[in-house]
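Heads up, the chain below is alone and in the form predicted alone; it's given as structure tokens.
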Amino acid sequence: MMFSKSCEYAIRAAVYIAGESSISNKVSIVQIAHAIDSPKHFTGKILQTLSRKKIISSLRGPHGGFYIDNDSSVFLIDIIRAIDGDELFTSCVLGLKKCSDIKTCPVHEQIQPIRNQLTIEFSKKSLNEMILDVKQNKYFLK
């Protein structure tokens, strides 16, 4: 498991919202939770975080729901950082507090290139690209 459960659901929710919503057609928590097979209340908390971090937008009221303004400017790394922070890319895999490029742990030199590559790949993968892949049945959300 690379991501927290919250991050996994956040990525799936963002892809679903981006693919199914627009400013004039918002999706509800119930729709999102069902589409990604996530508990409704847990989904709500994740969506609040994504909304606070400006990954998604929300509107309250009878015609409210969730939508994404501009999915072409959202990348996978934005969602990961919004939910899990930078720990995947910065923390020591052995849990050491002072591990760095200067003072390394026993596996730092092997892990650092992988982390750098993850950062690059997650920075290149746009939400828009993920939507297209799901719509072409290359991937699924639940």
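All residue numbers are counted from 1 along the displayed sequence. Everything numeric in this text was worked out from a predicted model, so none of it was measured.
There is another form of the same protein, the form predicted together with the DNA; it is not shown, and what comes next is about it.
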Given that the partner is absent here, state which listed stretch (88-96, 73-81, 59-67, 103-111) has heavy atoms within 4.5 Å of the DNA in the predicted complex. 59-67
Non-hydrogen atom contact residue 27 with the DNA in the predicted complex at 4.5 angstroms: yes
Can you work out whether residue 52 and the DNA are in contact in the predicted complex, taking contact to mean some heavy atom pair no more than 4.5 Å apart? yes
Is residue 16 close enough to touch the DNA in the predicted complex, meaning at least one heavy atom pair within 4.5 Å? no
Would residue 48 count as touching the DNA in the predicted complex under a 4.5 Å heavy atom rule? yes
